[in-house]
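To begin, one chain is listed below as structure tokens, in the form predicted alone.
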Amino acid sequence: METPAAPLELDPRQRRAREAFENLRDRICAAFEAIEAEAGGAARFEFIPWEREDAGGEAGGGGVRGVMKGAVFEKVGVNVSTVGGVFSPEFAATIHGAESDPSFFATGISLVAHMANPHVPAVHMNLRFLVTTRCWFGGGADLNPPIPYAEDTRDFHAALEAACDTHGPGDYARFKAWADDYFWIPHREVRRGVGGIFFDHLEIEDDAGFVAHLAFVEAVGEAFLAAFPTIVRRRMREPFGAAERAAQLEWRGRYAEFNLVYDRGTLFGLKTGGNIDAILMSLPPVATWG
């Protein structure tokens, strides 16, 4: 898949991070299309490039929005963006390392899958590399089942724990607790799923640190790629009826509330002039509110 025209001058670290996210995107999309084929479907990802202009009308990078709607994946979005520019003064004050200089660079992958069968959990993953006056990685992944299964929760967490345990920057216990706190819906007093990991501000001081932190972030992506398709195949042929579908649609309403009210990634995209359709691809195709 081609990288969209995005006339940003990238240094070696920025280019390496973007390439890692694009490679992960391509492999995830291929894995999801294979599942659709196994289910007898013909759905494929549609990839839509977009370009960004900063507040002054200058080129500010862009990205590719990938969306598939099929028999197993009712709606899945896998986006990679690479953007740069200048934060607004108000927003710069809220961003790590941008208080004195609002210039920024960001590249990352964002994925949300809403599944046709209520027995198959929805899922989210986001991995990113940001540069202000500081330089760091962030991200995470969490499982969001309308109908939880202990086996699925255990396997998902085990894969993420293994990724953390084999890389220096990883800290599973802290990142799991961070996810539990972050993916909390205060006005509902519930978590939006069964958790995962969340981390931010994994700071990089030198090239060795960049290599180590990138290896950890790539390991998280590999853990996701190993765990989630296995869970999908385990559940995608489970029979379900109207009651299970109703529970799924009500749960999706909670998911939408979190993403629109509390999610930091949604706010970052909106505040930096990102592609609206790419930012809001996390919203489910159908949801209900009681």
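Owing to the predicted nature of the structure, the values given are computational and were not obtained by experimental measurement. Position 1 is the first residue in the sequence shown; the rest follow in order.
Unshown form predicted in complex with another copy of the chain; subsequent notes refer to it.
query = Using heavy atoms and a 4.5 Å limit, would one call D277 a contact residue for another copy of the chain in the predicted complex?
reply = Within the cut-off, so yes.
query = Counting only non-hydrogen atoms and a 4.5 angstroms cut-off, does L8 reach another copy of the chain in the predicted complex?
reply = L8: no contact with another copy of the chain in the predicted complex.
query = Is H96 a contact residue for another copy of the chain in the predicted complex, using a 4.5 Å heavy atom cut-off?
reply = Residue-level check for H96: no, no contact with another copy of the chain.
request  = Decide whether E244 counts as a contact residue for another copy of the chain in the predicted complex under a heavy atom distance cut-off of 4.5 Å.
outcome  = Output for E244 is no: heavy atoms all beyond 4.5 Å of another copy of the chain.
Listed residue that, although another copy of the chain is not shown, lies within 4.5 Å of it in the predicted complex (heavy atoms), from A226, A42, A31, V261 = The residue from A226, A42, A31, V261 that makes the contact is V261.
query = Which of 153 to 161, 124 to 132, 67 to 75, 212 to 220 has heavy atoms within 4.5 Å of another copy of the chain in the predicted complex?
reply = Comparing against another copy of the chain in the predicted complex, the contact stretch is 67 to 75.
key: Joint contact, H187, L283 and G290 to another copy of the chain in the predicted complex, by non-hydrogen atom at 4.5 Å   = Looking in the predicted complex, the three residues H187, L283 and G290 all sit within 4.5 Å of another copy of the chain (heavy atoms).
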